[in-house]
Structure formats: structure tokens, C-alpha cells
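A single chain comes next, written as C-alpha cells; it is the form predicted on its own.
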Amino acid sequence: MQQNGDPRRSNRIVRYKPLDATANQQQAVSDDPLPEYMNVLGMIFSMCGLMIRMKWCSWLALVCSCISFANTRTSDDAKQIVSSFMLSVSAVVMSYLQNPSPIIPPWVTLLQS
């Protein structure tokens, strides 16, 4: 069973049409803003951890930086993400260098009294 003619169906062929730049920009605007929010929260918490010496703020800054790093796209600025991550790590290190005692949760004092 050989066919001598062209086996392709000409009515099923669909030509490739590249997307225009405006559609790509609209798609980029509608992307998830979670990495940017977590980056800003990480910087705020790390500054609170460094200035006010609150260890839980330093740990929250590290968590926010990890979430921001995990949710970033390849097109994002790597310098800003790395600087936020290093700022949160330095906040954790500095808070434990200044006071090496572990974090005492506030509910422990409530349970003892």
C-alpha cells in the first residue's frame, strides 16, 4: 500500500506566527509579584533584625529571602536577590554574635506564670 501522491494534508497545515512584543509585555505585567514582595519583606525584616536586634525578624528575613530566591524568574536581577539574601544572612549572624542565647518565644513566659 504505497501512495504515489503527497501524503500531507494541505488543509491541516498551520503556519507559525510569532507573538508581537505588546502581548509579551502584557504577559510580563500579569506575572506573580510574590518574589518582589518577599524581597522587600526580607529587607525590612533584616533591617529590623540588625537595628532592633530581634532574632525572629532576622530569621523571617532569611525565610523571605529564600522564598524570593525560589520564586524568581531567570530574567530578574540576580544582584538584588543575592544582596537581599546576604543581608538576611548577615542579620542572623550579627544577632547571634551580639547575643548568643537562643530565642525565647513570648508564649513561654505566659505558660510559666
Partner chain sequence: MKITRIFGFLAIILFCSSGFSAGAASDDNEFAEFEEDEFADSVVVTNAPDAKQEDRKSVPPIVQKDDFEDDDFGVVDEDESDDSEKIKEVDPDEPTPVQSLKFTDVPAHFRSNWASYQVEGIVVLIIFIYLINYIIGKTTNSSIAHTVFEMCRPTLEEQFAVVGDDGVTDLDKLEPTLKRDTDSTFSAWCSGRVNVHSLFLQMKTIKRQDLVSRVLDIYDPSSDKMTIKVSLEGGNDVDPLIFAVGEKKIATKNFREMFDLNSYVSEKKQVAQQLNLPATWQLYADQNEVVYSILEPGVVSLLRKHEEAIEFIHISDQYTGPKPAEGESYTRLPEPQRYMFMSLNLAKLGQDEESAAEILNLVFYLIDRVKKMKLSKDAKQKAERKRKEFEEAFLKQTHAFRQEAAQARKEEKTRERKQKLMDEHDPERQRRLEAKELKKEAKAKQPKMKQMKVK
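Rigid core: the largest C-alpha set superposing within 1.5 Å between the two forms. Source: prediction; values computed, not measured. Numbering follows the first chain given and starts at 1.
Below, we refer to the form predicted together with the partner chain, which is not included among the displayed structures.
Site annotation in the predicted bound form: the residue of Leu34, Met86, Ala78, Ile52 reaching within 4.5 Å of the partner chain with a heavy atom is Leu34.
Contact annotation: Ile67 falls within 4.5 Å of the partner chain in the predicted bound form, judged by heavy atom distances. Interface membership of Leu62, defined by any non-hydrogen atom within 4.5 Å of the partner chain in the predicted bound form, is confirmed. Among residues of the shown chain, Ile103 is one whose heavy atoms approach the partner chain to within 4.5 Å in the predicted bound form. Although the partner is absent from this view, Val14 contacts the partner chain in the predicted bound form, with a non-hydrogen atom inside 4.5 angstroms. Core-superposed comparison between this form and the one not shown: the Cα of Ser10 travels 2 Å or more.
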